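Starting off, we have a lone chain in the form predicted on its own, written out as structure tokens.
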């Protein structure tokens, strides 16, 4: 029985007890989505005229976009800054971003009352250049397209020279090989342009998500409302993008029984404290200039959530990841990355859900069980698809030989 990189290719099963549980959650989420699409938002959610959005926007979209930032941050560092030693983690980051943004688009469609009109932004007659939401929509659509193009070399590598359609379809083998070689030649010469375009588009819509809430000062709590909200969103996206790559890499290594990329990840994590220091400095300076710190004097849901966000999500990962000794230990490295992710996730929830308060609301929004199941189901689907692609495509370099060679 052949071994590849010291790992038996039959050692790993796709369905483990944990994966089966995730599959059940995915099925529950898909059922909830179908129920929402058939019976409408009113029947499936606790949304109304006062709260037109909830966790589907706060978590599935706003948080999902931020957590999928690993694609553009890793591409920026590895290819634009020419830090080639990080190439080994670029493909997994690209896959995470691809799946993340794909399901962000699905989340937006589910949240739309008339979801069947989601194609309207691509019609020039319906463009509105003064709309922050229009910029977000267009940038996300274009970036999703760029991500699929960036992923094409991985698909080509998987099938080039191995096309073998069965039966009558075998007449297409030669033609398909030619097409794959043409695409491979084109992408090898132009992929840098798509990488640059992806970084630019990501920076645009990451910041524009902040602009969406910067234009509603009467509805957003002063602890988070600021004219520089778009800048804060962009800075936090850079830090969480790096953290997500580390988080995903450690989890994937443990799940797939492949070696940890500790030397690379430890070096990669050095950027997080620097970015978080810049973010923290900008946040404190902004609060002092606007006197918004006065809202921390009283114990409220908003002030408690703000303290949790800053202490656990910003200060703690700075302290952990600033230590070279701790960065070299997988548990601490994982903890620092997880806390960074928690901080940005809570920040987006604070801005879009907890800190959002309509002027005439009579009660606070609480998500329905259907809303929770949809969110959990979408996350579960991302995990399952990630596992599928890793099993069948050359994503993780240490895992390649197990399934891609004859």
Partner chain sequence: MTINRKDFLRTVGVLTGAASISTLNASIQHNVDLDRLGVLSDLTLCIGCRKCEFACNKSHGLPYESIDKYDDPSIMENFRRPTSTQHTVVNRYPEKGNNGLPLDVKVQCMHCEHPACASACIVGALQKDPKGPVTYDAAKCIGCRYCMVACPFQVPQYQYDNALTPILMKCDLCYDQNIKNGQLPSCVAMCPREVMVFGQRKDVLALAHERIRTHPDRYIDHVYGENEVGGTSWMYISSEPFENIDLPTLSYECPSHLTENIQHGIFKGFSGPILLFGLLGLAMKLYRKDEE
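Remember, it's a predicted structure, so these values are computed and weren't measured experimentally. Numbering follows the first chain given and starts at 1.
If you look for the form predicted together with the partner chain, you will not find it shown, but the lines that follow are about it.
Three-residue candidate spot 50, 133 and 208; every residue lies within 4.5 angstroms of the partner chain in the predicted complex by at least one non-hydrogen atom.
Not displayed here, the partner chain is kept clear of residue 288 by more than 4.5 Å at the level of heavy atoms in the predicted complex. Residue contact with the partner chain in the predicted complex: residue 221 places no heavy atom within 4.5 Å of it. The partner chain is not drawn, but in the predicted complex it has no heavy atom within 4.5 Å of residue 90. The partner chain is not drawn, but in the predicted complex it has a heavy atom within 4.5 Å of residue 38. Looking at 327 to 335, 298 to 306, 185 to 193, 154 to 162, the stretch with residues near the partner chain in the predicted complex, meaning non-hydrogen atoms within 4.5 angstroms, turns out to be 185 to 193. 120 is the sole member of 120, 270, 257, 181 with a non-hydrogen atom within 4.5 Å of the partner chain in the predicted complex. When you look in the predicted complex, the only residue of 112, 278, 311, 319 with a non-hydrogen atom within 4.5 Å of the partner chain is 112. In the predicted complex, the residues of 185 to 223 lying within 4.5 Å of the partner chain by at least one heavy atom are, in order, 192, 193, 196, 197, 199, 200, 203, 204, 208, 211, 212, 213, 214, 215, 216, 217, 218, 219.
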